[in-house]
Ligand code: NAD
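Single chain ahead, by itself, as structure tokens, in the form predicted on its own.
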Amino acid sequence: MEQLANFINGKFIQPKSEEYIDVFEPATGQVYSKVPNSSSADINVAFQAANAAFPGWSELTVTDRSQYLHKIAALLESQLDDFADYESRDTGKPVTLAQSVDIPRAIANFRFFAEYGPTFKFDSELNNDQSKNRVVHAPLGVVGCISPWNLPLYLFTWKIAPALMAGNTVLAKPSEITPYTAYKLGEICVDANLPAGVLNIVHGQGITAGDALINHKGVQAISFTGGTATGKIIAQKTAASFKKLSLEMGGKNPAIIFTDCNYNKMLETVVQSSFSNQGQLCLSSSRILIQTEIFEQFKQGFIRKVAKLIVGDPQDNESNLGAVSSKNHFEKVMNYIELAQKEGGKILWGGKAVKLNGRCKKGWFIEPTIIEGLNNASKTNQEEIFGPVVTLIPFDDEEEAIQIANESDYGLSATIWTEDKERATRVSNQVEAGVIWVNCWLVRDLRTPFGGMKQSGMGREGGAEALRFFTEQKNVCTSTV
């Protein structure tokens, strides 16, 4: 059984405690590896390495840093299929999904910031009759990046790439549930000759390694993606230190479907937005709002489409859904399905665990589940389930659709389906979400700001927003009088 290691100062080293955590393959329910259960002692060693590397890395030109990111992207691309296999094994998602989305997007993250970084004005001038003002975006120093288990490498690189491009050194903690691609990224960095200490990857639980990272006095900023409850803890624990925070958290995203939509395109896309990655996406459509006139038509068409989805071994190219990512999460999702029925919901499709044969007979699989008949105020409609579970909610008009969409503590994303451009503008202006897709889903221009409102987040990622977050502005004013 493989025993993973932390990646610190360009080398793979074991945790000082010599303690490890079992890593399970969700599709089989079996332990396949062990990952370090790191502590504050390991975080301290990693910080020292990052801090020592910061002067040299930050003094490189933007072009030089860009070249390193390009090397990492190229090496990752050369091992795309291997990394997709690792990601599928770690998360339970179909390997075809990892091949087509997760790993290509991780490559794109490095490549995008490598190309975008040199266009960003790290140093600019604002002059008037009395003074010359030089505005500098200076790197912060050592920054912390914490990523979740649902899109392990995809979101890990979404943070690391801009942090490095901006001239910071990084202390990163992936989820202990899905550590393998982060571990292998360390090997990529060695092959790319990334200077030692520039990127340090420390594994472990949130209550130990994560807590030590966010509380370390030398870490200047924390970029976190994960659950809202954890984000609140990070905000509370770092409040007195005034660290810079970027928190991308949960969602309870509405898909708002009007009668005048492009019906076939909508139906195909909403199936994807509901059940891709077993519904384990912060951007998944979990509340589907349908105008009354087409509610029955949509319901029957949606059930027919979902009934054709195959829940199966992630290694099987025919599988549309794989396993959910852990036993605890499996139990959580199943408990929500039970709760939905207690609240008066009717299961239209799914609702049961899936038992497979062969190597996956002990895996954590759940049917794609469709529920109707619940009030929007129900727990099922208000709490983030983060699994293959959606609810159908009818509405009569624009006003009611907007009201239902906004009756949530979350505000990450929404999709709006209408061919009326004026309606699309009106509704998108009033829906409280940081990312709104009109007649599409998960279409991303990496230059655009990404993040949520309310309990879905604080701050924005992507493009200039990410580079601004990972830098501190200085204004150097010289009198010309």
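The structure presented is a predicted model; accordingly, all values stated were derived computationally and were not measured. Sequential numbering from 1, following the sequence displayed.
Another form exists, predicted together with ligand NAD; not displayed. Remarks below refer to it.
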Ligand NAD in the model of the complex reached by all of L155, G210 and G226, non-hydrogen atom within 4.5 Å
yes
Students should find that, of Y183, F386, F395, F112, the residue having a non-hydrogen atom no more than 4.5 angstroms from ligand NAD in the model of the complex is F386
In the model of the complex, the residue from V142, A405, V311, C282 with a non-hydrogen atom within 4.5 Å of ligand NAD is C282
Name the stretch: of 346-354, 248-256, 128-136, 101-109, exactly one has residues whose heavy atoms fall within 4.5 Å of ligand NAD in the model of the complex.
248-256
Contact flag, Q205 vs ligand NAD in the model of the complex, heavy atom cut 4.5 Å
yes
Is there a non-hydrogen atom of P148 within 4.5 angstroms of a non-hydrogen atom of ligand NAD in the model of the complex?
yes
Contact between S175 and ligand NAD in the model of the complex at 4.5 Å, heavy atoms?
yes
Any non-hydrogen atom of T230 within 4.5 angstroms of ligand NAD in the model of the complex
yes
In the model of the complex, residues of 403-424 near ligand NAD [heavy atom within 4.5 Å]
L412
